[in-house]
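Coming up is one lone chain in structure tokens, specifically the form predicted on its own.
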Amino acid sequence: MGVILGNKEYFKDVKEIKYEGIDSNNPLAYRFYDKDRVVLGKKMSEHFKFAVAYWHSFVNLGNDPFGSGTKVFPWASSPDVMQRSYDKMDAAFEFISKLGLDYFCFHDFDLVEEADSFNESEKRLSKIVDYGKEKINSSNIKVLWGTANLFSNPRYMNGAATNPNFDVVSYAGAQVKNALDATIELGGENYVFWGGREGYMSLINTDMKKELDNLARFLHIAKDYGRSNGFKGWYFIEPKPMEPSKHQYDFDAATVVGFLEHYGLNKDFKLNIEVNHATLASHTFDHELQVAANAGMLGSIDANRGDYQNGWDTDQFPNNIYEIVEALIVINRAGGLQGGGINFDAKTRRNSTDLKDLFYSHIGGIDLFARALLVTEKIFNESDFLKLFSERYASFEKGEGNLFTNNKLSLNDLYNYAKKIDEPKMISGRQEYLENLINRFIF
């Protein structure tokens, strides 16, 4: 039997997820996410641009280092590789449509399984992209960003763009070309580079400078290829400190900002910040967002969380309202995300094996962000939060402080001013007051 194209229904027990309000007890409804509601001057859907992660939702079978997969997906049952790919895409578009979302994100070999040869992989990808174009054209669903999986195959055990073997670097370039072509053909709004294995395990056998130089060269030629072929979106770098490499070159937001500025990539690249990657780097999520915003590079985010008892990337769905409120305070004070949106780079737990669990997890994450946005609006509009924030730095807006801000004072000027004043008064940061303020609006 040949490949059968169609629109099979995989989630028959689930209808369209709708907004029912805070009093709803329906677990398959939104209690806070009213996508057309205007908050802080924009519709909720425009604030967030929620995207489903193709890999975690439709490819991940629940494998872990100690056991094989636990999830049995009906779209993964065919013995034919292309039939599995078409079925998986049918399931993805049904799922995203029933959630009422507009976007998804993908790796090249999420869409279709990698073959034993480059040429066959290329043919498979071309076929599924053609099918994806049909699905996109017949729906309101779009690609937030695409990327290439440059970390799973054993050939990338020493990295892709930073590999010490030029043959591997070349192979990675060919794979990125195809992934960029796929992203462009599918109308993708952005393209992401996740470093995966772009790093090192030991400096004993690593020429770090050469690898960083090669990474920059690789990103430049990939960027130039995309631009020459009509790609107008942003390129994103997604920081992560370690795992799988001991030390990755995209360690955190500050490291990536410095790298992009040093190598002249900052005009085309922004950052995709992930919650779990921030905490693995011993930072808070809002810290990483603020670093990116300070550099004008706050492009997009991956929404998830880690486990406080586990020191690795657990990619759990977000559930910490306080963490997300603090993040949205930063994002909204910075003017919002630039180009990107919120991709749920999160997976249901290994023992969550029902198809409905995919819905519960996404509904919970979406509602969490929606509720956090409503809290953020109240904090901005109904409290003295922003006023207190500004007042703390008010001394830089007048007199000598203003001259300093405008680069009009020398070190001698600071010396002469200090001699004229009394011992500076201690001014409280009022951290506990502000924490209580945020809690007041949450609860």
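What you see is a predicted model; the values in this text were computed from it and never measured. All residue numbers refer to positions in the sequence shown, first residue = 1.
There is also a form predicted together with ligand XUL; it is not shown, and the following applies to it.
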* Asked: Can we say K8, D87 and Y131 each have a non-hydrogen atom within 4.5 Å of ligand XUL in the model of the complex?
  -> no
Note: exactly one of F109, F93, F151, F269 sits with a heavy atom within 4.5 Å of ligand XUL in the model of the complex, namely F151
Only hit among E211, D181, D313, D367 for heavy atom within 4.5 Å of ligand XUL in the model of the complex is D313
*Can you check whether W145 is within 4.5 Å of ligand XUL in the model of the complex, heavy atom basis?*
yes
Non-hydrogen atom contact H362 with ligand XUL in the model of the complex at 4.5 angstroms
no
Using a 4.5 angstroms cut-off on non-hydrogen atoms, would W194 count as touching ligand XUL in the model of the complex?
yes
- Message: I'd like to know whether W55 contacts ligand XUL in the model of the complex, with contact meaning heavy atoms within 4.5 angstroms.
- Response: yes
Testing 237 to 245, 114 to 122, 283 to 291, 201 to 209 against ligand XUL in the model of the complex with a 4.5 Å heavy atom criterion leaves exactly one stretch, namely 237 to 245
In sequence order, the residues of 244 to 267 that place a heavy atom within 4.5 Å of ligand XUL in the model of the complex are none
